[in-house]
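Next up: a single chain in structure tokens, the form predicted alone.
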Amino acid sequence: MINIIGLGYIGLPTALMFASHGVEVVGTDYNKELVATLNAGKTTFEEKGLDELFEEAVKCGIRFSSEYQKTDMYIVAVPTPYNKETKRIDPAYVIAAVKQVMTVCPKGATVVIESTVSPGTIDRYVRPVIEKNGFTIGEDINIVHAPERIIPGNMVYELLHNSRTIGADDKAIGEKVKELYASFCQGEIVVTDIRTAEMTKVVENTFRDINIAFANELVKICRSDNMDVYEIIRIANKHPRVNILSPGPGVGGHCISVDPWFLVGDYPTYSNLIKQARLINDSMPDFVLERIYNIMKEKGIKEVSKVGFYGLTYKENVDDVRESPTLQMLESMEKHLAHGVKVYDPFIKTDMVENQYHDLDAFLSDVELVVLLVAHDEIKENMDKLKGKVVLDTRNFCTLDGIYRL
């Protein structure tokens, strides 16, 4: 049996995937309301294919509890935030989970940490906690790091098909965990040491962040001198060894916008490029606000209440708002005492912010300037409804003529 700790965006799909492939699973979360929802037969967030996977896992006997289980295999998938001042990881949730595991686990149990951590986190924080509690690592308890590698909106497919990395002190333990993940994972599974696994995951997201930052810096350069960044990128990408990404309103989610800071916090002397990329991407919400201000002046729109933000989530067709550029923009506006902007997102069913709408037509009828911040399918399929509006497309997907872009 596997006890999966943490039933959020990573833990829940992972638990369901294991269970639906014949592995006995108990999912544990300290949030009793969340556990109750799952036991009532309902998933806790929207994700393509998740409901069907949930039904299959329930048929296969998955259980949910707020209690840690006594078993020989644990998978920890709890949040790993970072300190916004020091830029270093906050390992508190991981440490708390490991401490709880040690109160119930039998001798020789394996703890797999799926949570993304900075290189050296397990050495600096997890091992000392285990040893302080009188456990001998490698005898009483085994530590493994198997960082997740999935993206909201395509989680089920990527769980099945993406390659995985297993970091372990003991190769035999690593192979045992590899065999477990191979129950569903069709991608290549690489076994290495723990520190390499830690670094690999952070490096992957940092690579993506730097590439996004290049596109975002290009859009600022081109905007400053009245050049069409999208046409420039389109032509440049015809070169066989060039693949420039598209600029956007910022970087959200709990991977790309967070993981690079781990390297900046731990290696400040050597992470100059990484830090600059993070600063560029973090500056984009304010860049969009400046663009909105200039468009309002050009079009004679004097009231903020006539501006509408389409999209609250950090990416299209999911309900995940973690580190959302839209929320960053609203926070920046709040600091400058700017109020009244309208907000709408079809995936956010409850009120999260002021002036939030839950009907697209009502939202559009009350605004003059629509800022497209997320490329949900809903708006792509209703482009005609934007006719007659001033439109700022921050994602370069609107097909109407005469609109503004970044």
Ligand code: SAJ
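Quantities reported herein were computed from a predicted structural model and do not represent experimental measurements. Start at 1 and count along the sequence shown; that's the residue number.
Quick note: we don't show the form predicted in complex with the ligand, though the next part is all about it.
Contact check at 4.5 Å (heavy atoms) against the ligand in the model of the complex: none of 306, 308 and 364 pass.
Out of the listed residues 73, 173, 212, 330, 212 is the one that sits within 4.5 Å of the ligand in the model of the complex by at least one heavy atom. The contact with the ligand in the model of the complex, taken as any heavy atom within 4.5 Å, belongs to 204 out of 204, 334, 319, 193. Of the candidate stretches 291-299, 130-138, 262-270, 196-204, only 196-204 has residues whose heavy atoms lie within 4.5 Å of the ligand in the model of the complex.
Within 4.5 Å of some heavy atom of the ligand in the model of the complex lies at least one heavy atom of residue 208. The ligand in the model of the complex comes within 4.5 Å of a heavy atom belonging to residue 245. The ligand in the model of the complex is approached by residue 251, whose closest heavy atom lies within 4.5 angstroms of it. Residue contact with the ligand in the model of the complex: residue 151 places a heavy atom within 4.5 Å of it. The single residue of 315-353 lying near the ligand in the model of the complex is 315, the criterion being any heavy atom within 4.5 Å.
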